[in-house]
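First, one chain by itself: the form predicted on its own, in structure tokens.
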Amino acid sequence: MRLAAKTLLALTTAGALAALATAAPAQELVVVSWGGAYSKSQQNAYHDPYMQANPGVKIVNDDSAPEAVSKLRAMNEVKNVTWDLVDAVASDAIRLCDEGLAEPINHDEVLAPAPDGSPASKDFGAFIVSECFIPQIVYSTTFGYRKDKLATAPTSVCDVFDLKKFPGKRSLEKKPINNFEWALLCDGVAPDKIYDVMGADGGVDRALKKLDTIKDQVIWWTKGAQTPQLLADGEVVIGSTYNGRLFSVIEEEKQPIGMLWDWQVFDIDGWIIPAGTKNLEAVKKYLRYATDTQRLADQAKYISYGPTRASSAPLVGKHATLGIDMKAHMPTDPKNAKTTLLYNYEFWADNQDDFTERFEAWLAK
């Protein structure tokens, strides 16, 4: 009996050890995004549900999206790509694809069809601006302002350049994109001529000259969460950021901040798969889930960005915890979109490196 018990114990222990030895560790997928309220919306809408349905997968968040282009270039130089999926704006996706740093995909093969059977390419439509780009959301870059620190509420984007009527610090993104558009618009350029003027001789100088008028009152930001915090802390009276970040600080945090929708700049954001990822098939499987009709509609429960799938739009409803109608907080809502600029993806894909160099030289003066 004693021998039999010992034998049984030995067999049981050996079996347990063998099981532990053969159990596969969770597969980690490093997903690069923008942090803050946006990454939180992704976590709620599809990261957590996917990991729950696929316990063998662990999604690791990295908030390096603002530096994604330079970092992917560096990774490829040393042939050590450590990212699996990167959230990128459309112009960056085009650049990365053109440079061979992003994987081309067959959208209809990799992504789920719409509920009515329409292929993904039809459901996403014109938002597929590159063979490497998987669209997610329509968003805008616009301005928030402190309602309690300005005697008069700003009504025009050009009020940002009026230090006399609207005194106080501003926050602007530390890049030429959007700032050049607003500077030229407020220097008298017709909205439909902005990119013609910017691309012509003297266009960039004209934009920088306009920005010179407020330069000493600007705090420059590099991450979308910074302006909401600067506004909440009272360090700036008006600042640019993504409309979803402002929604969060206004509606969820109840800060005394107003939205200025005038000449918001529409853009699209989505995924690219870095060329050289070691987990290509696992990433494709995840993408099929995270970009399906329901998941993109679910994201709008947590942040005020419009889904890029046509089939997702009718499913947008109320905020998951606040219970407010999210349609009215979308940048595309008619009352918010009276004056808008459409970001020119191809123009910036062609000119961003040169214009950034000139912008940074101006900053250093």
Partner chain sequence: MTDVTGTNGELVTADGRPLRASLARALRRQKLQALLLVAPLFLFILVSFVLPIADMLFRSVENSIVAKVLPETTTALRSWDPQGDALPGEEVYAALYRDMLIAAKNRTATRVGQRLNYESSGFSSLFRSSARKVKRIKAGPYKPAMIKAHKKWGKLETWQVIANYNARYTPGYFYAAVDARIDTDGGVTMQDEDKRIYVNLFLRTLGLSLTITLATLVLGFPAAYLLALLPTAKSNLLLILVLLPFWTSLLVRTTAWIALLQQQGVINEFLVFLSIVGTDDRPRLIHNQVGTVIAMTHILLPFMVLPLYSVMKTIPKSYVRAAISLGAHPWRAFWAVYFPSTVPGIGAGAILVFILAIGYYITPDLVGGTSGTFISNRIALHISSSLNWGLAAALGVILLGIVLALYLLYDKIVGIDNMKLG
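Everything numeric here is computed off the predicted structure, so don't read it as measured data. Numbering follows the first chain given and starts at 1.
The following text describes the form predicted in complex with the partner chain, which does not appear among the structures shown.
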| property | result |
| --- | --- |
| 156, 194 and 272 all contacting the partner chain in the predicted complex, non-hydrogen atom within 4.5 Å | no |
| Among 223-231, 137-145, 185-193, 281-289, the region lying within 4.5 Å of the partner chain in the predicted complex by heavy atom distance | 223-231 |
| Proximity of residue 70 to the partner chain in the predicted complex, heavy atoms at 4.5 Å | yes |
| Partner proximity in the predicted complex: residue 97 to the partner chain, non-hydrogen atom cutoff 4.5 Å | yes |
| Proximity of residue 341 to the partner chain in the predicted complex, heavy atoms at 4.5 Å | no |
| In the predicted complex, residue 268 touching the partner chain (heavy atom, 4.5 Å) | no |
| Heavy atom within 4.5 Å of the partner chain in the predicted complex - the one residue of 216, 253, 116, 201 that qualifies | 216 |
| Selected contact from 295, 107, 174, 206, since only one has a non-hydrogen atom within 4.5 angstroms of the partner chain in the predicted complex | 174 |
| Contact set, 327-365 vs the partner chain in the predicted complex - heavy atom within 4.5 angstroms | 346, 349, 350, 351, 353, 354, 356, 357, 358, 360, 361, 363, 364 |
